[in-house]
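Have a look below at one chain only, the form predicted on its own, in structure tokens format.
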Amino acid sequence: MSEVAEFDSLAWFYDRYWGPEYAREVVVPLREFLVGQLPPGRPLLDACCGCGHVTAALADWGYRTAGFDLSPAMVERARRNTAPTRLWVADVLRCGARDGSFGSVVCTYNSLNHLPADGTSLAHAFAELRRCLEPGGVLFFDLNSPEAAGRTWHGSFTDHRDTAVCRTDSEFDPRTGTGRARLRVTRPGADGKAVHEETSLTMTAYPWAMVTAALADAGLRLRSVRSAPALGLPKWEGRVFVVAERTGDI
């Protein structure tokens, strides 16, 4: 199964439940780190935008938003949630945006944790997102730590909702910093019959030293790091929110 198909299979459940819930929480660090530093009216790119709930919030704050995601199904739903934002299907390693065209780039939903554990993809992603920034522009992103991955990507749980259920079975290998999860969604179809969707996801939990090295290699200067509990988000313990600034010219 390709990465595209993996996230396509989650689009319905993500759009209805996880996306809106995350967006309501992440506005806390976004307001602290971004609002006031980037004036309304400035161009802002939402990388790995999913179904566009964070993109929509940023547009409501007055930013000229654009976004991309690897999953066509996610982007299709984002277009419904964020009209008239410019959205397209692309990989974070090669997103297709013009050089230096954004005052800020945000990459939330711990999207960068889903890059391969190959030792180079994280630095390549940072370099690509830096390329999209104007000089002095800022990158805002979040990541799950290895400690958090060890807690949350372990065992089985079922997420019961009003009309749907998602069963997750996951495991995390602390030696390699990689996790795998199998998700099975049961939801209502258009004809009223139950639809069953199944997918598998992988994740990489990067040591902080690797993150800082990748930022430096990409030409991004670390400006601020805050943990979720420090921002009043205790249920996300182990997640960090990071702001880095583009150095150098276009």
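Residue indices: 1-based, along the sequence shown. Predicted model, so just to flag it, every value in this text is computed and none were measured.
Only in words, not in the display: the form predicted in complex with a small molecule, which the text now covers.
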Name the residue from F126, F140, F172, Y109 that puts a heavy atom within 4.5 Å of the small molecule in the predicted complex. Y109
One residue of S71, T85, S104, N81 in contact with the small molecule, assessed in the predicted complex (non-hydrogen atom, 4.5 angstroms): S71
At 4.5 Å between heavy atoms, only one of the stretches 158-166, 175-183, 143-151, 85-93 reaches the small molecule in the predicted complex; which one is it? 85-93
Is G50 part of the interface with the small molecule in the predicted complex - any heavy atom within 4.5 Å? yes
If you check in the predicted complex, is L122 within 4.5 Å of the small molecule, heavy atoms only? no
L45, heavy atom within 4.5 angstroms of the small molecule in the predicted complex: no
Check whether Y22 has any heavy atom within 4.5 Å of a heavy atom of the small molecule in the predicted complex, and answer yes or no. yes
